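Here's a solo chain for you in structure tokens, the form predicted alone.
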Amino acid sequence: MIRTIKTIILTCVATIVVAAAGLALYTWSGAYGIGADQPHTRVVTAFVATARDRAVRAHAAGIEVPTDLASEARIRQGAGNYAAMCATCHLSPGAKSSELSRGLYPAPPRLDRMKVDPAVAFWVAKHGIKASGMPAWGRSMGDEYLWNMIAFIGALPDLDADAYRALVAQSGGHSHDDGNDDHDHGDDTDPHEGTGHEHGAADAGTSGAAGPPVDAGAAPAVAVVDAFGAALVAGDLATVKDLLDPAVVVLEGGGAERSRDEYMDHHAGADAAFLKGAHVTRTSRTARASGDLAWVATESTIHTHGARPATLASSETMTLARHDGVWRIVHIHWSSQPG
């Protein structure tokens, strides 16, 4: 009897060792399909989805939802941040899927077509989801602004395209505080020092005045400008590229880049590095649209935090064109001077 139990135990241990060795060998071989265009197996998908959903709900269980979450003020303010930070992936009423939303795996849910638990949505927006493309916005946005965005997400499924654009236009655009003061801003070097580089930033990571009124018809174009700026701040160069027309012309620092590929190969990385360590306060904005063309003019103050801190007065003009219902940036002019 004892010998039989011992045999069973040894057999189980040997099986586990062989299975672990086989799994390690398979992992080391690189044979697993890790590409985003190839779904996980059903077993892996079920495990990851269950672990994710259970973890999110467990962490969100103690979150207290504000009693005024449905207030018009919260919904209106949250609209601008949703348009700048969420709409490219999670889309908006009447919008077709974007190149980014089609390319992500797992696919981001369309928040204009579903109701969400506000506590769960707040936790996800604040902390993000590992290896999913969902950022932790709490590293750059305070709780009140996050709740305003959740308030807007709660109202989103009840909006049509016109109501969505109107709320975005009334929102003041992308605006929020810095969130946690102790998060990492990167190193203390300024990649633009001594380069003569001028950059106006697209109101990303900003706070301050809403600026002049924006034409309701220009709201989708403004949302693209804000999404472009947010992507630069986040270092998300894939989104930056997606929002630019292939033939975009970028004027800055007395020079010109005459295509999307040229800008991505030259200044895009430096612009992202510069904005990572800077604080941008928008002081005014004007936007107009006519048919399939729109322009957005933004004035800002930029505070850099490198080895030689500086304050710059910056201006930015972007022209956008709409093709097949999609707005993309076709011209950018950035300039700045000591503020």
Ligand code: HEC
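Just so it is clear, the model here is predicted, and its values are computed rather than measured. Residues carry their position along the shown sequence, with the first being 1.
The same protein has a further form, the form predicted in complex with the ligand, not shown here; the description that follows concerns it.
Heavy atoms of every residue among 52, 129 and 137 are located within 4.5 Å of the ligand in the model of the complex. Interface residue among 218, 155, 250, 124 relative to the ligand in the model of the complex, by the heavy atom within 4.5 Å criterion: 124. Contact with the ligand in the model of the complex, defined as a heavy atom within 4.5 Å, holds for exactly one of 168, 240, 86, 233, namely 86. Although the partner is absent from this view, residue 107 contacts the ligand in the model of the complex, with a non-hydrogen atom inside 4.5 angstroms. Taking the partner from elsewhere, residue 163 is found to have every heavy atom lying beyond 4.5 Å of the ligand in the model of the complex. Using a 4.5 angstroms threshold between heavy atoms, residue 133 counts as touching the ligand in the model of the complex. Contact annotation: residue 111 falls within 4.5 Å of the ligand in the model of the complex, judged by heavy atom distances.
Partner contact region in the model of the complex: 89-97, out of 223-231, 89-97, 265-273, 252-260, criterion any non-hydrogen atom within 4.5 Å of the ligand.
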